[in-house]
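Next up: a single chain in structure tokens, the form predicted on its own.
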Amino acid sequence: MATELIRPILTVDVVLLTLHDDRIQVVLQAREKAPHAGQLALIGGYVHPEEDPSTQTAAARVLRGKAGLSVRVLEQLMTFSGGSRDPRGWSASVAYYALLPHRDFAARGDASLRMLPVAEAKGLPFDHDAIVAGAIQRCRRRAAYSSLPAFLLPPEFTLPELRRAYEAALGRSLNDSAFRRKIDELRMIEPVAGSLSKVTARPAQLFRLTKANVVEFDRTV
């Protein structure tokens, strides 16, 4: 008697991170269908081989299609797989993490999306707790030696905003003068000519990254 072949389910899940109130937050979406209909979960979906050249393009498509969002940073985390993670059957999910400025999330105004501090994003369906934990660990490690935290901010930002983004990503405080000195040595930002932040009574110079992509450094921040 022939054994029936098990056809695995292939999906992508995106840990979408943003910065609000100086804390890293994860953007979740209420599931429309079973299993776990109505529960908050990571933004994810099936890979469509007929239109997705890669799982990365699938992840970008899912973000656009389900949440109406595009991001500048979308990086692969790892693959989560097994027969017990999804009640529909044996499945594999290629997980990604993405960074998004809070203003882009707020402008979306989608009632299906909800932002939660990472520490409160617990009890998620499937194995999404483990995926979120893995993404935070990866981002925290990369933040120490790259420009990654800057992508939590709009393209133009002040130095205090950049320092707070690094502090949130690293999970620790940074000395302001030492941070400014290191950032200057790394030459990762440049002033935006004639641009000042008007958020406070004392306008501050705005800066932008010198490179459009995440850059790794030969030393820690």
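Sequential numbering from 1, following the sequence displayed. Here the structure is a predicted model, which means the values were calculated and not measured.
Just so you know, the form predicted in complex with a further copy of the same chain exists too; it's not on screen, but the next bit is about it.
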Partner contact check in the predicted bound form: of 165 to 173, 149 to 157, 44 to 52, 66 to 74, the stretch with a heavy atom within 4.5 Å of a further copy of the same chain is 44 to 52
Quick one: from Gly82, Gly123, Pro117, Pro87, grab the residue that has a heavy atom within 4.5 Å of a further copy of the same chain in the predicted bound form.
Gly82
Please pick, from Leu100, Ala143, Ala135, Val94, the one residue with any non-hydrogen atom lying within 4.5 angstroms of a further copy of the same chain in the predicted bound form.
Val94
Answer for Ala204 alone: is it within 4.5 Å of a further copy of the same chain in the predicted bound form, judged on heavy atom distances?
no
Might Leu209 be said to contact a further copy of the same chain in the predicted bound form, defining contact as any heavy atom within 4.5 Å?
no
Is Ala130 close enough to a further copy of the same chain in the predicted bound form to count, meaning some heavy atom within 4.5 Å?
no
Classify Met78 as contacting or not contacting a further copy of the same chain in the predicted bound form by the rule of any non-hydrogen atom within 4.5 angstroms, answering yes or no.
yes
